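Only one chain is included here, represented as structure tokens and corresponding to the form predicted on its own.
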Amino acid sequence: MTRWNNNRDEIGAVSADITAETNALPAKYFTDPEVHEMEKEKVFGQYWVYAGHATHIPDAGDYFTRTIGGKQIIVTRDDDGDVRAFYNVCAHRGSKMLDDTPMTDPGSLSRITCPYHLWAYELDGSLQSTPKSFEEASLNPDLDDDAVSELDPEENGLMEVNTDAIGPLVFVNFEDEPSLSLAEQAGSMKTELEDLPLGEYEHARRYVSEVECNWKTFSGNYSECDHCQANHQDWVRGLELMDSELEVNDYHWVLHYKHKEDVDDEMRIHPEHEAKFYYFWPNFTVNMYGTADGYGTYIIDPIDEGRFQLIADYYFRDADLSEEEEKFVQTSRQLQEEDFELVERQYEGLKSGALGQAQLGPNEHTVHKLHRLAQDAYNA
């Protein structure tokens, strides 16, 4: 039953049963600034979160930066060829070291150097060198040089962030000892994606869009297709929506949808005669196309309680797209623009304060799963 903020309806927790009366996350969790701050630790600080694609940093010293849950990190490849992540924070006095560097325009360096006092770090995060002023006390009349202790490279190194990967897809976890491994959180999605040649595909396009709604509002939109018939009419003409399936797992769900016109197997990255849209909690999606030889990754990146960025990256066999592939990407962009309009309209309603708790339908079980995971994270 829908609950209104009318001083009569009682707001409840998200029920385990989707047929129960309180089957959705209360509306305040989409609009309250305090919830946004809480999510930085409770959601983005506890789960494995997508950081970027390893093919963008193929060589030692290549790097990009990301901000996840308010935490700024450097993702780089070390001298042994391993991808590692560190806080973008100097061990000396906490300065931000590297400027924001997107994955699609990565930087390269032989060591990480803080521009403030020139502390330099190896690619494994250990302290490599400091200026001479940190080795002697020439300006301090109260100290002799022999009283200055040598800085231990390990104890004064960068703070590392846990990393793991699904093929070339790199994930980070900010917990000291993650309660879940990436394999446990990803479940069958990890095996399915690792069976595909994701790393052989080239990055072709990136689109970054700022949208005026809470990130979970858009996540709910990307978790179901009940809205597709009415709002993506050009797209659904080519689909067999009644043959589609919504598969729900512990921390991910998959929309399987079939096209009316099939394509040859070599025209898809995967063998199934369908498209597969994975949503991986909390804010990452992978779209395995059904009628194009490629895939897309999408990050639903919160800015504040009422805004997020959608970072959409497209990968194909060749970065130089054919006319048909370019048309495919533009169709994808059209769908995104249509969804942006829908979720911004929904968020305008949520901000009014009239709705206390929504009512989900029986085929919105993936949205119900999203809301349950958010509630579990808040209560952890």
Partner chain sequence: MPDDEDAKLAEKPRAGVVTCPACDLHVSVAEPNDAVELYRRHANVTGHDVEWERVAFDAEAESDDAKEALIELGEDHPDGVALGRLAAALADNGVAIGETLDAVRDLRMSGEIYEPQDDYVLAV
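Computed from a prediction, not measured in an experiment: that's the story for all the values here. Residue numbers count along the first chain shown, from 1.
What follows is about the form predicted in complex with the partner chain, which we do not show.
Partner contact region in the predicted bound form: 208 to 216, out of 136 to 144, 272 to 280, 224 to 232, 208 to 216, criterion any non-hydrogen atom within 4.5 Å of the partner chain. The candidate spot formed by 102, 303 and 307 lies fully in contact with the partner chain in the predicted bound form, as each residue has a heavy atom within 4.5 Å of it. Contact with the partner chain in the predicted bound form, defined as a heavy atom within 4.5 Å, holds for exactly one of 311, 343, 57, 51, namely 311. Of the residues given (318, 324, 337, 34), 337 alone sits with a heavy atom within 4.5 Å of the partner chain in the predicted bound form. Of the heavy atoms in residue 333, some are within 4.5 Å of the partner chain in the predicted bound form.
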